[in-house]
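Just one chain is shown here, as structure tokens, and it is the form predicted on its own.
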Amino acid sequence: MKSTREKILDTAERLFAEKGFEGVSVREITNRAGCNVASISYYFGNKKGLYLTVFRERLTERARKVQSSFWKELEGHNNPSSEEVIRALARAFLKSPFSEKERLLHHKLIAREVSRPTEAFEIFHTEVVAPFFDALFRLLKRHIKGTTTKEEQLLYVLSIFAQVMHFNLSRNMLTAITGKKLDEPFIDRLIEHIVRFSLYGIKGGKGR
């Protein structure tokens, strides 16, 4: 049985994703969660504290689980190839153990923060996204051919990362367009497509 705190977090994440921070009142959250208004103050301080906790305990934790999967894929590879890095990245995201509901909530909250950044965006970027992207950049930059500046290298790595993120968050659209169910065999084929497509780009059209 979930605690009052967990019920509040579940409800708040859903409502913030649907309506945004400004569009949700403390009373609406507590009414939906089946608790009293004082519970927000007791557990989170105020609505802003609750919002930031949703990011720290829900979005950040999901992201870190995915990142842990990425590093686990590369265990034993002291000097991983670009193919190994890209495949590990795609597998970590596309085979993440989260439900479609969790993915949609995650995507909606991030999309709101990207369009109208708040303190939550800064926390998520600084603590989660930036360190991981920097590590990914260090792993891939030496494999990028035909580039002369760091900016070009960053854009190549960002393109790979964005491709993985897009496929991960657009599963319903992918199914609608291809007519394919996203079962394990199709996800495996999609991962290999991402690897081939990305290698073609970073190797100057010479990917396998």
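Everything numeric here is computed off the predicted structure, so don't read it as measured data. The first residue of the sequence shown is number 1, and the count goes up from there.
Heads up, the form predicted together with the DNA isn't pictured, but that's what we're talking about next.
- The candidate site formed by Ser25, Val37 and Gly45 is fully in contact with the DNA in the predicted complex, as each residue has a non-hydrogen atom within 4.5 angstroms of it.
- Contact annotation: of the candidates Ser41, Gln153, Thr175, Ser159, the single residue with a non-hydrogen atom within 4.5 angstroms of the DNA in the predicted complex is Ser41.
- Partner contact region in the predicted complex: 26-34, out of 26-34, 175-183, 61-69, 160-168, criterion any non-hydrogen atom within 4.5 Å of the DNA.
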